[in-house]
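Single chain ahead, by itself, as structure tokens, in the form predicted on its own.
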Amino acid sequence: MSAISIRNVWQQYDDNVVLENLNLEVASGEFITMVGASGCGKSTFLRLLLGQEKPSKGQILLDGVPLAAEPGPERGVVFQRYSVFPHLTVLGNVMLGLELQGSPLLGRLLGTQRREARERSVAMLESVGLGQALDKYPHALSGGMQQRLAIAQALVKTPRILLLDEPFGALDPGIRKDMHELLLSLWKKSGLTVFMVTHDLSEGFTLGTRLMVFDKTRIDPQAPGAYGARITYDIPLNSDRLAARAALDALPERITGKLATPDMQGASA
């Protein structure tokens, strides 16, 4: 059985159709990268997976059961803007999620539970390279370190699904490469199912096991909001990358636009 099933999902706001007729099966442990022109519904799709929004039509199932209609511990999320709390230390930022989960009324664990949460948080921070920054505050961290902290926040509750909305878009190229290596390492160790939105086709090609292209194929100049985007290409990347490269080269220019062209040298899943 697929971990996630998307069945005839539409998303519409008043007269504006953003997504139409999405049908998708995703197995546990896949790394899905998603590209497409700005405004074609990629981030909306992530919000549906997160539970921030409910589909206008259709169903999203997790292991055959309708996905909970609000964010839960089985789903972690990292945004492009660093989702960290400036008044908390690095360790405090990561512990907060465990404390709210274990004590939703007080927001604070005590005794053995607190000690276990601290040990778990420290281990997660060490895994993302922040073991020496436990007592620092976010303002003292570089952009790459803040994003490492955001990833630690998302993973400390051991979610099954990780949702990434252009998490490295604001980082310098060298730092992005380091973050790619970190993300792939964490994914391979954890067996997470990952959905990642990116505007960088090269990034999507290099990181994913499967690349999906969102595009609006039906356009009515008299009613620009009448039709939504679909998944027009679903390209497997983990078996034959030469065939995948040929499929990417065949993408229409309206889709690729200013997206980077994948470099076959050094690309790996």
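Owing to the predicted nature of the structure, the values given are computational and were not obtained by experimental measurement. From 1 onward, residues are counted along the sequence shown.
This next part talks about the form predicted in complex with a small molecule, which is not shown.
- Residue-level contacts in the predicted complex: of 37, 67, 48, 26, one residue has a heavy atom within 4.5 Å of the small molecule, and it is 37.
- Looking at 39 to 47, 200 to 208, 230 to 238, 26 to 34, the stretch with residues near the small molecule in the predicted complex, meaning non-hydrogen atoms within 4.5 angstroms, turns out to be 39 to 47.
- Contact annotation for residue 16: at least one heavy atom lies within 4.5 Å of the small molecule in the predicted complex.
- The closest non-hydrogen atom of residue 99 lies beyond 4.5 Å of the small molecule in the predicted complex.
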